[in-house]
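First, one chain by itself: the form predicted on its own, in structure tokens.
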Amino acid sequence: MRTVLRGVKRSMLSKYIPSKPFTCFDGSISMPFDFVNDDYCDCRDGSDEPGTSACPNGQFFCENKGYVGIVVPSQFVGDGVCDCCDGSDEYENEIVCNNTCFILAKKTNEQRETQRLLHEQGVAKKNEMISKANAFKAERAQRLEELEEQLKRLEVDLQVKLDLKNQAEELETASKDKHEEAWEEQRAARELLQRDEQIKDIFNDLDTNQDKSISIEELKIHTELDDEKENEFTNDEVRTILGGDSATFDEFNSTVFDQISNSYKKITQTVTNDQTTGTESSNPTPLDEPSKVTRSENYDETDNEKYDSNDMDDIDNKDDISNEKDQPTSLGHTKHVHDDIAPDFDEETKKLIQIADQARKVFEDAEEKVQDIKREIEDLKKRLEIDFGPEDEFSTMFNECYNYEEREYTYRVCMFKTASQIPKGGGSEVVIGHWESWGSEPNKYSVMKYTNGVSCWNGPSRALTVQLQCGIEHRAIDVREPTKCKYSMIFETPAACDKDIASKPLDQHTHTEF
């Protein structure tokens, strides 16, 4: 009977009792214990040969006293290569394996101590971050409560100012409307008077024989009224405009004027230089010959009353008076531009406008203050809803940006906001991700995900995964692009340091089985 049961983990020794038959781990068969480690594979799962290489799927456990126990494939047993640091896999060979377990243990312990010290220093800074985060969180919560109370008061005050504004605007509008109505009445009356004068002027201009009616012959000479310019202006066409063979003033007023007012042109004759000395030329001057003054064929000296003397002086001083195509229809009653501009408001209306303006300003200032408070409340609520870690340790990093420089680009990550890629050779900054979430359990807070960045050309939307690890400072130490438009960053921060690692003492004789 064998006194040494090789290749078995301590935790599995209860399965190998020499005084009892051995049953394969998969329960397929049982056998005498002498079949264990007899260099013949009886179990399909290789469990009867833990210390030999007989089973291709067997596993050999290296105890590695003083270091870490490991499992190697059983085919490595007795192959002439020292796989276990204690050399236990080569127990049947003449080869001598140096026991390196204590050397490895020392090196591992040194590395662990370095890591422990790193985590210890990092945890100290992490605790400071947690303290600040708790203080800031309490301040924000208090500030939120104060703002919400302030908002209630401001909204009541805003409603009062809104009511005052509405009252002032009602008085302002009523006064303005009254002013506008009076102005519209005045303008309508003036326009009606101007229309009446225009009707009289055109009628008198057409009534060349002064018989108080417009005949076909009198209207027919005004060919500009002919819709069909290329054909003769016939009597029938003129009759259609007049509504008969002639039109009295009342008929002209009711039916004819509106038809011709837009097209009507006053027929003029030229006055030569001789006329300025009292001699009238017997033949009219051609239209293309320069003239000094133009007058109606039916000109009446009493028409002078319709013109200001200064206006007549201006006319006498001009060289080239327009031909018949340039003559105004209104016959001297041209409406001035200023006639269409309403006069200033009266003093009472001006005062009401001033009061309304002040009420509007007071309301707008109050409304802007309310909106500012609402925005601050919304920002505070969003901040308080963000998951900053189990102890809010990442809170102080919120919206802080950190850069990583490499040959072509600067990579920038702004915590809980965005990540971007900035070309060093010039060009626009490219967003490679927006903050989305933490990673998944069990190490949820060791990964930050930034997604939905700018889409690549013929590719996916950019995204960044940030792997967090313990460090004394906040800094990005590496950025890669393992697949197209999918970036990976390694970021050191005290917030990722582990209190358990920092406080765990080293045990030189610790033995762990894997």
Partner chain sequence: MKTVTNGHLQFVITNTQNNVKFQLDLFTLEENSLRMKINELEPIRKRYEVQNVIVNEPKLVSVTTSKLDVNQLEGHFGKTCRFILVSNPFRLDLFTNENVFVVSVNSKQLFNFEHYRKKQSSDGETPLHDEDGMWEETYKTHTDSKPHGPSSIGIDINFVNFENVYGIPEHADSFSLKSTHDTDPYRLFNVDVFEYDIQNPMALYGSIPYMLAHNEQTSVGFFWLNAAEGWIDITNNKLSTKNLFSTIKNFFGTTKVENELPEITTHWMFESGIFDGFFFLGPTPRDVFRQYGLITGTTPLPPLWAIAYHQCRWNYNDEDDIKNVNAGFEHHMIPMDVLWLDIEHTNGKRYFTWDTGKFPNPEKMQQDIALYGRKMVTISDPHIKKDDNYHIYADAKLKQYFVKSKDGSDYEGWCWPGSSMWLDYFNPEIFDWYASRYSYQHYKGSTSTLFLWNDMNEPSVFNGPEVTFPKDVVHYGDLENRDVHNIYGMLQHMATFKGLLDRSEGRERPFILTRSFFAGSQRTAAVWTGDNAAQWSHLKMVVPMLLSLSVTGIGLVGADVGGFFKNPDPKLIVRWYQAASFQPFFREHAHIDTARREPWLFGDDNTRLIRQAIETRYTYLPYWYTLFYKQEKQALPPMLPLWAVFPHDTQTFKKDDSFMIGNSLLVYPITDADVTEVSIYFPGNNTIWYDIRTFIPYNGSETLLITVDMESIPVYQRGGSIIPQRLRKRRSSMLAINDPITLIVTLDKNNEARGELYMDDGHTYDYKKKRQFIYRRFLFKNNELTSSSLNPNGKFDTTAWIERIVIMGYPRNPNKVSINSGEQTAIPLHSYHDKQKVVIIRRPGPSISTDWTLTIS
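Positions refer to the first chain, counted from 1. Basically, rigid core = biggest C-alpha set you can superpose within 1.5 Å across the two forms. Given the structure is predicted, the values throughout are model-derived calculations rather than measurements.
Below: the form predicted together with its partner chain, not depicted.
Visitor: My question is simply whether Ser455 lines the interface with its partner chain in the predicted bound form - judged by any non-hydrogen atom within 4.5 Å.
Guide: Looking in the predicted bound form, residue contacts with its partner chain do not include Ser455, since no heavy atom lies within 4.5 Å.
Visitor: With heavy atoms only and a cut-off of 4.5 Å, decide whether Asp83 touches its partner chain in the predicted bound form.
Guide: Because a heavy atom of Asp83 falls inside 4.5 Å of its partner chain in the predicted bound form, the answer is yes.
Visitor: Would you please decide whether Glu128 lies within 4.5 angstroms of its partner chain in the predicted bound form, comparing each non-hydrogen atom pair?
Guide: Contact check for Glu128: no, nothing within 4.5 Å of its partner chain in the predicted bound form.
Visitor: Just checking whether Pro482 would be counted as a contact of its partner chain in the predicted bound form - the rule being heavy atoms within 4.5 angstroms.
Guide: Heavy-atom contact with its partner chain at 4.5 Å: present for Pro482.
Visitor: Only one of Gln75, Thr108, Gln358, Ser254 gets a heavy atom within 4.5 Å of its partner chain in the predicted bound form. Which one?
Guide: Comparing distances to its partner chain in the predicted bound form, the residue within 4.5 Å is Gln75.
Visitor: I need the one stretch from 467-475, 63-71, 443-451, 35-43 whose residues put non-hydrogen atoms within 4.5 angstroms of its partner chain in the predicted bound form.
Guide: Of the stretches listed, the one contacting the partner is 35-43.
Visitor: In sequence order, which positions of 400-422 have a non-hydrogen atom within 4.5 Å of its partner chain in the predicted bound form?
Guide: Only Arg407 sits within 4.5 Å of the partner.
Visitor: Superposing on the rigid core, is the Cα displacement of Gly80 between the shown form and the other one 2 Å or more?
Guide: After core superposition, the C-alpha of Gly80 moves 2 Å or more between the shown form and the other one.
Visitor: How about Asp42 - superposed on the rigid core, does its CA move between the shown form and the other one by 2 Å or more?
Guide: Indeed, Asp42 is displaced by 2 Å or more.
Visitor: Core-aligned, is the CA shift for Ile377 between the shown form and the other one 2 angstroms or more?
Guide: Where the cores coincide, Ile377 shows only a C-alpha shift between the shown form and the other one that is less than 2 Å.
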